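Single chain ahead, by itself, as structure tokens, in the form predicted alone.
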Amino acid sequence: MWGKRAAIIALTSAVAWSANLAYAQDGYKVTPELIEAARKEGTVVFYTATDVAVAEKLGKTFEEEYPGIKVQVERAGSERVFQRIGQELSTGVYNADVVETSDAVHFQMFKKQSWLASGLPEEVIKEWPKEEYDPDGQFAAYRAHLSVIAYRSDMIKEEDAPKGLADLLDPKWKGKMVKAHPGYSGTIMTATYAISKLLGWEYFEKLGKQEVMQVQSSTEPPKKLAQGERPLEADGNEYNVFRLIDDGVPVKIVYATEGTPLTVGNAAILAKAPHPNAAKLFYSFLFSLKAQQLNSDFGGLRSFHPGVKEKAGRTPLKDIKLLMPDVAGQEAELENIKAKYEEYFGT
């Protein structure tokens, strides 16, 4: 499956539209009628786990593209977004229009609850690998990124830096690492599952004894590096490290010799979106070349759009040993992952 991914990543009427429309195999188009109907609604509410600076810049770009429609960004870690959606929809509260998280398991659960609308933008059907969108058209891979080791190059010499996951267990890193939490972050949930299958829970038991600074979101470890609070991150999302590098912060990424976990972030329109036409327009925009290129350039995210050009200096995915996500396996292990993590890290 990844061979196809690597090749691609260098990687009706609007007013009458219903969330329960049958899935159109060729995808829906953005029409003048859809744009007008979206402007009448005036707002789209976006629940997202993408870093807030990236999500808000995306929202502002959409507002410039479609004047008269405001994007309300509600950002939290993937697990918090998932919990919020579940709490709201199960009690008949319909606030969100479009949802995005970095835990693919969430969308399988949303789909089972019949909480997602059917219908994908034309761009997805034309450009995305078929394995990167739901065959029933209820969600699609909006972004991809890695959970990486990274370090301050002004505090750790390159020859002394860890080369892989096992190196993080060296006593010299005790009290010097920062790490995100799988109970909050979908990225770290996916990474924790992949690493536990590769190295066993004994790895996390030993890592938990390294006096690791524990934070919540996968966006936070890179920020702790930037602030100099810790010289080394055990995990955290690649795209925030890219942004630090672009800003001139002396940090370097390590793609672990054992493999680096890949996370795919899906997005969907909710079946009872309060602004269905604005949701449909915004959802199409998320998968446009303009938005995907912005995600890559400004956000450091990986894209499934074949037209996206990655910045020079970034390691192509084809050159990285990847730990691929296993949605079914991870879904079956969710509670065990949380319990084991709490046991070994005390939180």
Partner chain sequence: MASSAYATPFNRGIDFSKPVFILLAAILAVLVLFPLFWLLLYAFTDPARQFTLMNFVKLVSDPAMRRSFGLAIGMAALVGVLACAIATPMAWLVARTDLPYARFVRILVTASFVTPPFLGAIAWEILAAPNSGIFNILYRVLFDRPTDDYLFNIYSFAGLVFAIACYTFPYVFTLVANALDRVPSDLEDASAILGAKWLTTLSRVTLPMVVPAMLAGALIAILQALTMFGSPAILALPAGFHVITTKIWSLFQFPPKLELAAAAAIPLLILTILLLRGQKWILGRKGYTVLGGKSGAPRVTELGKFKPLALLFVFGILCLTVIFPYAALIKTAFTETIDASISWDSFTLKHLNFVLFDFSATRLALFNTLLLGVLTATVCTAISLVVSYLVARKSVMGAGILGVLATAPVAIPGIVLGVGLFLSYANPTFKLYGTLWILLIAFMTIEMPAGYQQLSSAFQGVHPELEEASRILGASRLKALWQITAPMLRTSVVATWCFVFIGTIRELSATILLTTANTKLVSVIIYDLNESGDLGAISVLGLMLMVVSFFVVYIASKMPLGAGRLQPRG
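Residue numbers count along the first chain shown, from 1. Keep in mind it's a predicted model, so treat the numbers as computed, not measured.
This next part talks about the form predicted in complex with the partner chain, which is not shown.
Colleague: In the predicted complex, does Arg230 have a heavy atom within 4.5 Å of the partner chain?
Modeller: Yes, contact at 4.5 Å.
Colleague: Hey, in the predicted complex, is Thr187 touching the partner chain, heavy atoms inside 4.5 Å?
Modeller: No - in the predicted complex, heavy atoms of Thr187 and the partner chain never come within 4.5 Å of each other.
Colleague: Can you tell me if Glu88 lies within 4.5 angstroms of the partner chain in the predicted complex, counting non-hydrogen atoms only?
Modeller: Yes, Glu88 is a contact residue.
Colleague: Would you check, heavy atoms only and a 4.5 Å threshold, whether Met109 touches the partner chain in the predicted complex?
Modeller: Yes.
Colleague: Would the partner chain in the predicted complex be within 4.5 angstroms of a non-hydrogen atom of every residue among Gln216, Thr219 and Lys223?
Modeller: Yes: each residue has a heavy atom within 4.5 Å of the partner.
Colleague: Which residue, Lys272, Arg243, Lys252, Arg75, has a heavy atom that falls within 4.5 Å of the partner chain in the predicted complex?
Modeller: The residue from Lys272, Arg243, Lys252, Arg75 that makes the contact is Arg75.
Colleague: The partner chain isn't shown here, but in the predicted complex which of Pro129, Gly183, Gly208, Gly259 has a heavy atom within 4.5 Å of it?
Modeller: It is Gly183 that has a heavy atom within 4.5 Å of the partner.
Colleague: With the partner removed from view, which of 159-167, 77-85, 260-268, 130-138 is the stretch that lies within 4.5 Å of the partner chain in the predicted complex, judged by heavy atom distances?
Modeller: That would be 77-85.
Colleague: At a 4.5 angstroms cut-off on non-hydrogen atoms, which residues of 313-347 are near the partner chain in the predicted complex? List them in order.
Modeller: Residues within 4.5 Å: Leu334, Glu335, Lys338, Glu342, Phe345, Gly346, Thr347.
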